[in-house]
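Next comes just one chain, in structure tokens: the form predicted on its own.
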């Protein structure tokens, strides 16, 4: 039986007279994979920034496992099992793939000047790299990687800061801001298969996306934001048929046929 892990209640964010978020309410069940979509300027990135701690909401509440996240810095939220990625991959370009993961591993001792980074939990770091499809690139300098590999590395780094599956009872929430942005069709399919795999391991996933092949057939549920308000919330098939969503965002000729294969 699923339980609501993330609860967003009356979330609002105003920039002067602009209401980027205007009373948003939704819940995400534990282990669910939920997509947050909408046109440019709908408030998706602002919503993510409020959930992850980069911005302070004007009003509302954000509860993770029943505990308020408001007033907690991003580092505190990560200790509670909340991690995020960004639209443009955030990695350490001068380090190797493995070193990037080792640098942010949860539970690793603080790094002193005399320590060797590559000695920090190498087995755990290698497992995460392999899960992200980067096993053959672990010793490559990140600056030399193609962009798709950097996006997968950033996801591995976010997972590195969360409790290890099966080793820590603490639940985890992964916020992915456009995980498939800038990727070719085949790369998007690989990335979203990885996202599904992570959710299948019990991680609660909420992600934004503009590529509909990375939404329909991937997400368990779809939320639609427009002008800072939630206008639709339901199964992908139901949201795809919502008249308002079709008219104002997806297009009246939108068809889900061919997009459902991504779930596998």
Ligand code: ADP
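None of these values were measured; they are calculated from a predicted model. Positions refer to the first chain, counted from 1.
Although it is not shown, the form predicted together with the named molecule is what the next lines describe.
For the named molecule in the predicted complex, the listed stretch (56 to 64, 195 to 203, 33 to 41, 230 to 238) containing residues with heavy atoms inside 4.5 Å is 33 to 41.
Within 4.5 Å of any heavy atom of the named molecule in the predicted complex lies no heavy atom of residue 11. Taking the partner from elsewhere, residue 45 is found to have a heavy atom lying within 4.5 Å of the named molecule in the predicted complex. Put simply, residue 20 is close to the named molecule in the predicted complex: some heavy atom of it is within 4.5 Å.
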